[in-house]
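Taking the form predicted on its own, here's one chain by itself in structure tokens.
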């Protein structure tokens, strides 16, 4: 350590999360010193605009700098905290810090999902700690249990609601019968949705988190590019009503599963998409902007993690927990558990994943329609679980739920249905998860 008297911190970024980190360091200074065995001291804060008004932020203005790399390279810095986000220059900064043997605490899910391997390699090279609890599900203690507590077990599946914005939107649609645009407008007015909500509603945010979760759970490097991603903008009030009739609700899920591929090899599947789940499922009752993750392990069985997944203070809480761990290790000369990627399992494409489909068809009302449609399912070796039919005059609606089948076979079935003259439109296609099938 640079000093026996304190652990010196370099903070990169002082926006919503960074500001709360500074406040918590100030408010809990005495307790933190007792927990760690030495005081925490801010050596510097890298910001883009040092002269910006920062209200009553409890920090000496002389600590602010625009030279992030220079701050990182200082000999008196022990732990680097990054809450800026994005890929570059954050990757360059953190690799520099780790190679120099400085502990890193980051909340940067995008960087970890795109190139977490580079950070882990740099940590190994510099014999340094890399902590990132705040990158997934805010204040919920989730990554450390996967990384450490369940290290002696075999995790078979991780299913979660990891984006608060989309969960608020879908919860509002389910409760009020509103359409997607109405629910999004409400989420924006309440501050749950950004001015540009694309990263949330198109699943990019959840896909990054899914990659991180799968990497930890299955001891395999998984990147965001490996994750199948489908947004939830096409979910309609009609879909919600249909889900309700089935005793289900709709959630945007991240699903990571260990399984056997077509060739008998062990693989992992990682996907993000809206799905119907039974109201009896543990995730079905997760409302508002809350997050929850359901973990299944062979020995431990089912485990549930629930709480606020976003916001400055909850996220800062997770960051602070990592700072405490990194500081303790600095004092004792120890390291956190290193990356575990020994399994190197193949990430199977979405087509190989087993799932169920809920398909709503507008069809011509005439004899033989149901038989023709059923024949298409049989042709692609997809078994039908239930059929509901309603209609008037020349129009009819068919709602079909399948048994489990490879996603490729289900997608091919939908494509074949769209080419039938008797099918006027495919109103919606949703995956069904979490029930017998």
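Residue numbers count along the first chain shown, from 1. Remember, it's a predicted structure, so these values are computed and weren't measured experimentally.
Below: the form predicted together with ligand HSE, not depicted.
Note to self: Under a 4.5 angstroms heavy atom criterion, identify the one residue in 322, 226, 78, 205 near ligand HSE in the predicted bound form.
What the structure shows: None of the others qualify; the residue that does is 205.
Next item on the list: Sort through 162, 169, 327, 213 and report the residue having a heavy atom within 4.5 Å of ligand HSE in the predicted bound form.
Entry: Only one listed residue qualifies here, and that residue is 162.
Next item on the list: May I ask you to state whether residue 200 is within 4.5 Å of ligand HSE in the predicted bound form, using heavy atom distances?
Entry: Residue 200: contacts ligand HSE in the predicted bound form.
Check: So, in the predicted bound form, is residue 209 in contact with ligand HSE at a 4.5 angstroms heavy atom limit?
Finding: It does: once ligand HSE is placed as it appears in the predicted bound form, residue 209 has a heavy atom within 4.5 Å of it.
Note to self: Does any part of residue 109 reach within 4.5 Å of ligand HSE in the predicted bound form? Heavy atoms only, please.
What the structure shows: Residue-level check for residue 109: yes, a contact with ligand HSE.
Note to self: Residue-level question: is residue 303 within 4.5 Å of ligand HSE in the predicted bound form, judged on heavy atoms?
What the structure shows: No.
Next item on the list: Considering ligand HSE in the predicted bound form, find the one stretch among 309-317, 95-103, 272-280, 180-188 with heavy atoms no farther than 4.5 Å from it.
Entry: Of the options, only 309-317 has residues within 4.5 Å of the partner.
Note to self: Can you list, in sequence order, the residues from 272-290 that come within 4.5 Å of ligand HSE in the predicted bound form, counting heavy atoms only?
What the structure shows: The stretch does not touch the partner at all.
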